[in-house]
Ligand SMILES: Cc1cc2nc3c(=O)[nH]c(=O)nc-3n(C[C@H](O)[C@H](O)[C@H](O)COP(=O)(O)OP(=O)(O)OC[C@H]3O[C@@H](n4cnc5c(N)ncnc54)[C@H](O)[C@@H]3O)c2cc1C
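There is one chain below, alone, in structure tokens, taken in the form predicted alone.
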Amino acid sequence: MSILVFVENAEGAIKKTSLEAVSYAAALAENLGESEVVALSIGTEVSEGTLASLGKQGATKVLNVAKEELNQGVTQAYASVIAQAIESTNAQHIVLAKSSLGDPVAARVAIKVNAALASNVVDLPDLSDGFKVKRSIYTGKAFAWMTLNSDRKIIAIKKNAIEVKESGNDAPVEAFDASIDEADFSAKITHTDKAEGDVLLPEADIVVSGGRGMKGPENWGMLEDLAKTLGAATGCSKPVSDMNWRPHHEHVGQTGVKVSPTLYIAVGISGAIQHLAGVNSSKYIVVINQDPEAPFFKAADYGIVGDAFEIVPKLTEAIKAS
């Protein structure tokens, strides 16, 4: 039997979260004694060479559904294709990344193939007594353990919870001719507005974010300079976007964009619980604030107490000089 991994892509590249999913599936296969990890790509935006490179994360084969009508990520159609791939490979374990696309697709696939679904999974399953997975709940403030009892199991893994591992060689890429019909497109994406910026906030590996401590929109230049130096995206707290200092698509938090970068730098943000809920999946958090009692320091891996208008330019200069 196979383990099937659904991989997402963006602008011609495999998403990092999907590389994490493939690495997870390879480790799961080793624990279960399975020999085949099949990655499934949908759409035509990724080259065959890029798909083949999934072998370095542990895929033994890649199925490619190269249909242009699937490029927009219509969830019903994706669920139909994935369900067909599950039947074709006889996969009992399906892995994907938890995401704005992965969440609705996973739920639909679970119904189609009668599978148990665990989302926000942060570790490999405990197989000592059934199939028990550890999940992040309450926006990362607690964990829950769930036992999956059905034959088929779908695991949606949390961003940044699994390390991407590289070994081995490229995997063979095979065309998979899934059947899709009009019913799969009962809802269509008719228009998409993409956020502006060199680095898109939801996909950024580094985020530089500012709050009311920046004192006004005219002071954002130094944050943009730092972000550009680091190859980062810029974000902001909710009050900042509410005051129109920054566009709303940069609002980071529970009610805005949830981010999971490797590095999140918060400048002049006190750390309200709603903001923390949107960034607590970050691997490392750095807080710069002149208030030593700011709640954000309790969640930070590194903190700098001081005037951001002195610290940020010096930090940027130091990075440029390194």
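Just so you know, these numbers come straight off a predicted model, no measurement behind them. Numbering starts at 1 and runs along the sequence shown. Basically, rigid core = biggest C-alpha set you can superpose within 1.5 Å across the two forms.
Separately, the form predicted together with the named molecule exists; it is not shown, and the next lines address it.
Is V37 close enough to the named molecule in the predicted bound form to count, meaning some heavy atom within 4.5 Å? Contact with the named molecule, no.
Residue-level contact is defined here as any heavy atom of the residue lying within 4.5 Å of the named molecule in the predicted bound form; does P261 satisfy this criterion? Because no heavy atom of P261 falls inside 4.5 Å of the named molecule in the predicted bound form, the answer is no.
Exercise: A27 in contact with the named molecule in the predicted bound form, heavy atom 4.5 Å: Close contact is absent here: in the predicted bound form, A27 is far from the named molecule, nothing within 4.5 Å, heavy atoms only.
Taking heavy atoms only, is V252 within 4.5 angstroms of the named molecule in the predicted bound form? Although the named molecule is absent here, V252 would touch it in the predicted bound form, with heavy atoms inside 4.5 Å.
Tell me, please, which stretch of 270-278, 58-66, 27-35, 42-50 lies within 4.5 angstroms of the named molecule in the predicted bound form when heavy atoms are compared? Every other range fails; the passing one is 270-278.
Give me the residue from K132, R152, K165, R212 that has a heavy atom within 4.5 Å of the named molecule in the predicted bound form. Going through each option in turn, the one that passes is R212.
Across 230-245, which residues bring a heavy atom to within 4.5 Å of the named molecule in the predicted bound form? Residues within 4.5 Å: S237, K238, P239.
Core-aligned C-alpha movement of D242 between the shown form and the other one reaching 2 Å: D242 C-alpha, core-superposed: shift of 2 Å or more.
Fitting the rigid core first, would the Cα of G130 be found 2 Å or more away between the shown form and the other one? It does not reach a 2 Å shift.
Is there a C-alpha shift of 2 Å or more at G216 between the shown form and the other one once the rigid core is superposed? Yes, the C-alpha moves 2 Å or more.
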